[in-house]
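Consider the single chain below, provided in structure tokens and representing the form predicted alone.
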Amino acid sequence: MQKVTRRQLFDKLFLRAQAAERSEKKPKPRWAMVIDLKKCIGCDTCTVSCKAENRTPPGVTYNVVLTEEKGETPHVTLVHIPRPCMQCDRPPCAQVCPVKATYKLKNGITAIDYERCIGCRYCITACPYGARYFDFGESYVTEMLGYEEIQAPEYGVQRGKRQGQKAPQGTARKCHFCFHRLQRDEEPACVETCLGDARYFGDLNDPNSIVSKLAKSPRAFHLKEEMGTHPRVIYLK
């Protein structure tokens, strides 16, 4: 076995310390999503894949695609506008929550503490994007065999059956950029499955990321910018 000299050991420890220092100085990610409206074909794949990934119950859909008709007959075009939660940096939903169940994570995602939420629905009323839903405890169990056997690990917590205490019933729910997938270094389900490659996801703190570059595009805009919510979902017109 090759003998390690004191100098080699010192160099190894020094390099390890440098790596740890760089890791500590690295800023937290600022997750954001960019949606190119010219690429969206209105296929609703994002809606279906999100529902399958997060096992959302009836009446709860984290991703919807709104369709707007522009022009006059016969020159009519359709514009499809996907609408997840905007993950606002100044979320009105968090400001009105009386028990602080809605809050911002360090990575920029607006989260809901299901155990703390009292189901008052103030946040649903306050959201200017209509991106929040209330879980009335309904289920697809009569339509889908084994539906209640598996629940998605939302916010990194493995949720039990709908009848269990950990299942979010009687609470507000919304898109969370598939937080549990981010923990596995995976993209949100809607981004991964988009047929038109209309969605991009990444770190705004990384100047070389695709979302950072697209966010600076002259085509970039936010929904309801005048409200000052500073959304993390950016659209390209």
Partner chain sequence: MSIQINQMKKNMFQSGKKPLLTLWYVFLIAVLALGAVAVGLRFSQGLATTHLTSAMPWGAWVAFYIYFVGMSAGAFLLSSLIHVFDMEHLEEVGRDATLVAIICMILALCFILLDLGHMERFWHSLWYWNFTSILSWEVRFYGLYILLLLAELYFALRHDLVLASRGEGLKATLAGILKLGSNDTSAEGQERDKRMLKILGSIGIPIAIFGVHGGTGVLFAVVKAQAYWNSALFPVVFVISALVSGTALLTALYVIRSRISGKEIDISLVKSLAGWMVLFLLIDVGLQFFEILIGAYGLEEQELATLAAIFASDFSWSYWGVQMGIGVLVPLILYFNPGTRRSPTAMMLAGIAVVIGILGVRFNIVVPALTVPVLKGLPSGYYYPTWVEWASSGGIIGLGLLLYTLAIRYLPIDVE
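What you are looking at is a predicted structure, and each value in this text was computed from that prediction instead of being measured. Numbering follows the first chain given and starts at 1.
As for the form predicted together with the partner chain, it is not shown, yet the points below apply to it.
Looking at 36 to 44, 56 to 64, 185 to 193, 203 to 211, the stretch with residues near the partner chain in the model of the complex, meaning non-hydrogen atoms within 4.5 angstroms, turns out to be 56 to 64.
The three marked residues, G108, Q158 and R181, fail to reach the partner chain in the model of the complex, with no heavy atom of any inside 4.5 Å. Contact annotation for A220: none of its heavy atoms lies within 4.5 Å of the partner chain in the model of the complex.
Under a 4.5 angstroms non-hydrogen atom cutoff, the partner chain in the model of the complex lacks S49 among its neighbouring residues. Contact check for R116: a non-hydrogen atom falls within 4.5 Å of the partner chain in the model of the complex. Proximity of R121 to the partner chain in the model of the complex: non-hydrogen atoms within 4.5 Å are present. Counting a residue when any of its non-hydrogen atoms is within 4.5 Å of the partner chain in the model of the complex, the hits in 130 to 148 run G130, R132, Y133, F134, F136.
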